[in-house]
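Just one chain is shown here, as structure tokens, and it is the form predicted on its own.
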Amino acid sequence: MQQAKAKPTRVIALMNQKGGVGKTTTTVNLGAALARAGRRTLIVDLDPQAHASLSLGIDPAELEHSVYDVLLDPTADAQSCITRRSDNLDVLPSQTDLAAAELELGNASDRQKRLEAALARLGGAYEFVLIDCPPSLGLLTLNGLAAAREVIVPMQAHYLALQGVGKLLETVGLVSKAVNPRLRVTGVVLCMHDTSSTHTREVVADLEGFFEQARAGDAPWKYSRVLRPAIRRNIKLAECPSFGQTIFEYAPGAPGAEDYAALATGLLRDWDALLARRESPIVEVPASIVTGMGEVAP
């Protein structure tokens, strides 16, 4: 019997230097949706605020090990620091100690690559790794970008947020040149979305136009797009972290659950189609995964 080809690990950094835009909400609930679809998923909480951990019912004060240990000790067993959350969903949680990591790693020659090395030691145990980056552009976020192959940007469709995305993309471009040449921007997830607003529609149109113009260049966001569906404004999404539950546990019938499930379905459809087109054996993460564009950039 022919042995099935191993799937690569799809490592995605979710980042936005502006707080309160739905970044952690998207990391947690998109991860939960992927796990519910039967895909082995790991959420890496790289934020010292530990909001992703708290949202999944993990109390940082009760942890013996966390992502802090993985970053500070290159020989640490990453698997022993991981918490099983539910079927197919694991968490590499955060603690407030993580805030000191940037200073403690200041003189380490591999300080930008600690997370990448830790994930490599997991040996392809997960099909999806979602990294919740802090809302800043320091060493922790740099570790997330060095470990990832893709960036997804959760944002609200507001004018100032649109300007911030431009700066964020510039940062990704610099990291791509200096640290991780395989890094690509998959797209933007619109959070707390209100389709009735004329301003919102104008911002989305501007964003789509920007990505369309980028097709002619060679930037890491060349194949980026606005990911669909947008995540509608839904109070249940704001409530569920206080119960340590995902939206699928807290309010499975809510619009937020419907939207994140549909977002995961679209990403999986494009991902599976891309893998099906690969003729060579899959032994590592592809150089670039471009969802929905039907292409793999060189």
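Fair warning: this is a prediction, and the values are worked out from it, not measured in the lab. One rule holds for the numbers: they count along the sequence shown, beginning at 1.
We do not show the form predicted together with a small molecule, though everything after this point is about it.
Asker: Quick check on this chain: which one of Arg232, His65, Arg36, Arg40 has a heavy atom within 4.5 Å of the small molecule in the predicted complex?
Answerer: None of the other options qualify; the answer is Arg232.
Asker: Name the stretch: of 23 to 31, 243 to 251, 56 to 64, 265 to 273, exactly one has residues whose heavy atoms fall within 4.5 Å of the small molecule in the predicted complex.
Answerer: Within 4.5 Å of the partner lies stretch 23 to 31.
Asker: I have Ala13, Asp97 and Ala146 flagged as a candidate spot, so tell me whether each of them has a non-hydrogen atom within 4.5 Å of the small molecule in the predicted complex.
Answerer: No.
Asker: My question is simply whether Ala219 lines the interface with the small molecule in the predicted complex - judged by any non-hydrogen atom within 4.5 Å.
Answerer: Although the small molecule is absent here, Ala219 would stay clear of it in the predicted complex, with no heavy atoms inside 4.5 Å.
Asker: With the partner left out here, check for me: in the predicted complex, does some heavy atom of Val179 sit within 4.5 Å of the small molecule?
Answerer: Taking the distances in the predicted complex, the answer for Val179 is no, it never comes within 4.5 Å of the small molecule.
Asker: Just checking whether Met192 would be counted as a contact of the small molecule in the predicted complex - the rule being heavy atoms within 4.5 angstroms.
Answerer: Yes, Met192 lies within 4.5 Å of the small molecule in the predicted complex.
Asker: Whether Gly124 contacts the small molecule in the predicted complex should be assessed with a 4.5 Å heavy atom distance threshold; does it?
Answerer: It does not: once the small molecule is placed as it appears in the predicted complex, Gly124 has no heavy atom within 4.5 Å of it.
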